[in-house]
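As structure tokens, one chain now follows by itself in the form predicted on its own.
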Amino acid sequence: MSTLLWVIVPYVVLAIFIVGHVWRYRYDKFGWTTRSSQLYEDRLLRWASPLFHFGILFVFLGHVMGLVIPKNWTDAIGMSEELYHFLAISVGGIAGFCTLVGLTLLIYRRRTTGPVFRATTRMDKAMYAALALVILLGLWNTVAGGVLNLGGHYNYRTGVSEWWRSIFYFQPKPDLMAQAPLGFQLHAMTAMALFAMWPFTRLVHVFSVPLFYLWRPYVVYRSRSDRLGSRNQPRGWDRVDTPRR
């Protein structure tokens, strides 16, 4: 069972994630969008969207630091385990809470605003459910394991993180996840479900961030003069008599 859950399933999900995005981009370019609903309602959106997007950005950076960067790297730069633990609990907890509040407001807005709800697809509902579950389980692991210390201390950097990196090294270590607490296992499984449906949802817009705007040339706007030379510029509805030849 460990091999199925922590070796076969991750590689299947990774294949679906990559191939699904390639297929979606080639055959559904017009559907590669967030399907923005800002025109229907923006009072809640102006609060929910920044909370969710900035929160999820810091959550992502926290996962990069926790999963991608090995423990011996942070030890090499002099970051103690206590400092890392404090940053993970404080910054990660705040980012996760902001993400959860933003997502809750987005779901409430989508359910209570008629035009927005009618534009919601079944895949959107499944995506919101999976995303909410992933965030809740992540917050539970942070609060229960890091703050309340329920179930004893578990260092995920020597367990879950090493398993995650071993998948990309093509040397999987399923025993590390099999020994992890149930909360981390559920968090990983729901995350894999979310990544499997990712290419077929509006989440594809993550890969369409307009970073080129940072380097695009300026657009120059020039005011149009009311008089060109010594003649008045005619208005669009004025009759203009052209000379006969």
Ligand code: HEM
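So that there is no doubt, residue numbering starts at 1 and follows the sequence shown. Fair warning: this is a prediction, and the values are worked out from it, not measured in the lab.
Quick note: we don't show the form predicted in complex with this ligand, though the next part is all about it.
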Using the spot this ligand takes in the predicted bound form, and overlaying the site C-alphas onto this chain, is the pocket open or blocked (blocked: 3 or more ligand atoms within 2.4 Å of backbone or C-beta atoms)?
open
I'd like to know if Gln179 sits close to this ligand in the predicted bound form, meaning any non-hydrogen atom pair within 4.5 angstroms.
no
So, Phe117 and this ligand: in the predicted bound form, are they within 4.5 Å at any heavy atom pair?
no
Give a yes or no for Ala126: in the predicted bound form, does one of its heavy atoms lie within 4.5 Å of a heavy atom belonging to this ligand?
no
Can you tell me whether Ser37 touches this ligand? I mean in the predicted bound form, with a 4.5 angstroms heavy atom cut-off.
yes
All of Ser49, Ile56 and Val206 with a heavy atom within 4.5 Å of this ligand in the predicted bound form:
yes
Considering Cys98, Val160, Leu137, Leu131, which brings a non-hydrogen atom within 4.5 Å of this ligand in the predicted bound form?
Leu131
State the residue from Leu45, Leu61, Ala196, Leu186 whose non-hydrogen atoms include one within 4.5 Å of this ligand in the predicted bound form.
Leu45
Hey, of 163-171, 84-92, 67-75, 108-116, which bit sits against this ligand in the predicted bound form at 4.5 Å between non-hydrogen atoms?
108-116
